[in-house]
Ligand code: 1GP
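For reference, the chain that follows is the form predicted alone, supplied as structure tokens.
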């Protein structure tokens, strides 16, 4: 098993470089829409494709990942909402533990069930502490996971949760306001969490402008993830990518 993707992330963090991941939900893109998104992402020098969703009801995951791999060299990282969202055609898997919630199934239960299949897949496995932050509206992930998000004004809870995840040995912290969030995670919370952990910090949800993406990076996010906004306006990918990469040396 290789560790190429995680080493790339660590290397970027060591250099204070910021990265951009476009999140693709297999249920929401047509074949033509996917090809168009790939073309835009390549030109914009997107760093990663994250693929997955809270509720994937189609069987297009395998085909979608294969299409991305066929048409570009951007690494494909699975961002699964359930144990069956796995394909060996990807490069890596974010093995998510929902540390902001208290649902044991999403802390360890589903991992026990999926572990044999995940190990067989040959994917690079990246253990992730997933933290759902209140984005101003109920989201699919909060409903499906049967958990409450961390209130967006409770920096202390977010800090302690991220610290606990790091001390438990998780390799990334992923703060997410959820798909379709009305508001992004407050910059102050991102800054405080980044200050208290050493591992890379991923931030997503509610990011709809290049300015917000850049602001989150400056607050301490190492990787910015945009999905919903890019689905509505694929050209936004270029603007956000340029804004994020303008911070790199």
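Just so we're clear, the structure is a prediction, and the values are computed from it rather than from any experiment. Positions refer to the first chain, counted from 1.
A second form of this protein, the form predicted together with this ligand, is not displayed here; the remarks below concern that form.
If you check 220, 210, 180, 186 against this ligand in the predicted complex, which one has a heavy atom within 4.5 Å? The residue from 220, 210, 180, 186 that makes the contact is 180.
Location of this ligand contact in the predicted complex, chosen stretch of 33-41, 62-70, 197-205, 211-219 [non-hydrogen atom, 4.5 Å]: Only one stretch qualifies here: 197-205.
Could you tell me if all three of 23, 79 and 130 have a heavy atom no more than 4.5 Å from this ligand in the predicted complex? Yes, the whole trio is in contact, each within 4.5 Å by some heavy atom.
Distance check, residue 228 to this ligand in the predicted complex, heavy atom within 4.5 Å: Yes - in the predicted complex, heavy atoms of residue 228 and this ligand come within 4.5 Å of each other.
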